[in-house]
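Presented as structure tokens, the chain that follows is alone, the form predicted on its own.
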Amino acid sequence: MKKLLTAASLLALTTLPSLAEPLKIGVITTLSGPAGYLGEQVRDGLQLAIDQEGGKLGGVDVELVVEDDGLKPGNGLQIADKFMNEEGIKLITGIIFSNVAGATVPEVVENDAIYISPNAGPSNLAGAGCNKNYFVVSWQNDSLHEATGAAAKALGYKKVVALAPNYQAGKDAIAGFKREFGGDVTEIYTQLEQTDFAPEMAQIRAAAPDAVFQFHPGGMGIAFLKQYVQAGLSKDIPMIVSEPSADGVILNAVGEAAVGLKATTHWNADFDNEANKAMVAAWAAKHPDKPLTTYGQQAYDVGLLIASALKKTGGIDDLDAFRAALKEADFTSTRGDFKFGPNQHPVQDWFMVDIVAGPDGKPMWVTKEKLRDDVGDVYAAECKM
């Protein structure tokens, strides 16, 4: 005999908790080629923040949807379109390179989705090109290298050869360095993904500068630094770099020849704060064979930022509320001091680091003095939201 459902039974069924789908976060990043490890760091840093909360951010179940842009702007744009229009993803992050960001970010933010950068912070999106849906957690490109210019000036250098790839981030790098250095700078632009730097080594030797500043992230940085040493230039001409040109992977690839370099950074593994200690320990436990770089740290902080907003909103259905919660930056950053400026780019501190031989003989960063305190970027005043 069939049993009829009572009104009470029907009410109970309709009030059972629904099995909600996790919030999808789209990750467009570089996972292939010599720069592929940079995207791996971003992916793994985000996932680590999620793992620390048992698969959630701010109490909300989340899922990363990761795609490789192959360092091609067209790929980034295509992936973003698929995320937004086929998968309904409204929260996107992950881009490493500024040429990919320049093509992709405007499409995302103009289609009422949120983009949070874990790395690229090109100048053209920081000033008049700013947008209420665009947040940067890493740094604005220029400010990253302004710190290195300030360090070169403090070290007493007067004449520097500055090298960077000929794309937006490279142009921002040399502009930022020059802004704070104030001395004589010879500019040399290389090619994105270049691996043979023999002509540049000859130009450096002929210029006979007090020091060399170079910005070459990923595999380019490994190739440049190795060839600089092989050319014998490191014996006579000191090099000073910003953090992307001396990450842990680059240092491990170059080995003891990297010892003695000077660098600048917004973060280091030796920072003495609880959020940083927790991240460093968790990374070492999960990735014992991978050095934690600033790319992983920046992505982890993106995760903490998203968690802080979701804790207040419970989701992203109300984009205005979620955006407002993001802007508050109500989280404890692994770098220490952090807040957003008027263009939703970081205001933060910058430090000098020495590259020394660690206990295992491998080169490592040791934080020295603070170079700049609570610094934003020069484009913020142009931003009108």
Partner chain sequence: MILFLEQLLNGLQYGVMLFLLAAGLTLIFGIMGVINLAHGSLYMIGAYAGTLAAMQTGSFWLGVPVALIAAALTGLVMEAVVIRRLYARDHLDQVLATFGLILFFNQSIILLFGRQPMFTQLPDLFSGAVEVIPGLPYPSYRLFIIAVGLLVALGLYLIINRTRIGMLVRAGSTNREMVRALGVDIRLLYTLVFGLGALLAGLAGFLAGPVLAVQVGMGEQILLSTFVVVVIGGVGSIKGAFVAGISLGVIDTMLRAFLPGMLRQVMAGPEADALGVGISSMGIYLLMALVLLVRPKGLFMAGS
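Just so it is clear, the model here is predicted, and its values are computed rather than measured. Numbering follows the first chain given and starts at 1. Here, rigid core means the biggest group of C-alpha atoms that superpose within 1.5 Å across both forms.
Omitted from view is the form predicted together with its partner chain, to which the following refers.
- The contact with its partner chain in the model of the complex, taken as any heavy atom within 4.5 Å, belongs to K290 out of K159, K311, K290, K277.
- Taking a 4.5 Å heavy atom cutoff to its partner chain in the model of the complex, the contact residue among F340, F351, F322, Y37 is Y37.
- Picking from 301-309, 146-154, 185-193, 259-267 the stretch near its partner chain in the model of the complex, with a 4.5 Å limit on heavy atoms, gives 185-193.
- By the 4.5 Å heavy atom rule, the three marked residues E200, G219 and K226 all count as contacting its partner chain in the model of the complex.
- Looking at N252, you'd find a heavy atom of it within 4.5 angstroms of its partner chain in the model of the complex.
- Its partner chain is not shown here, and in the model of the complex it never comes within 4.5 Å of any heavy atom of I50.
- At least one heavy atom of L31 is located within 4.5 Å of its partner chain in the model of the complex.
- In the model of the complex, at least one heavy atom of R205 sits within 4.5 Å of its partner chain.
- After superposition on the rigid core, displacement of the C-alpha of A128 between the shown form and the other one stays below 2 Å.
- After superposing the rigid core, the C-alpha of T190 moves by 2 Å or more between the shown form and the other one.
- I116 shows a C-alpha shift below 2 Å between the shown form and the other one [criterion: core-superposed Cα displacement of 2 Å].
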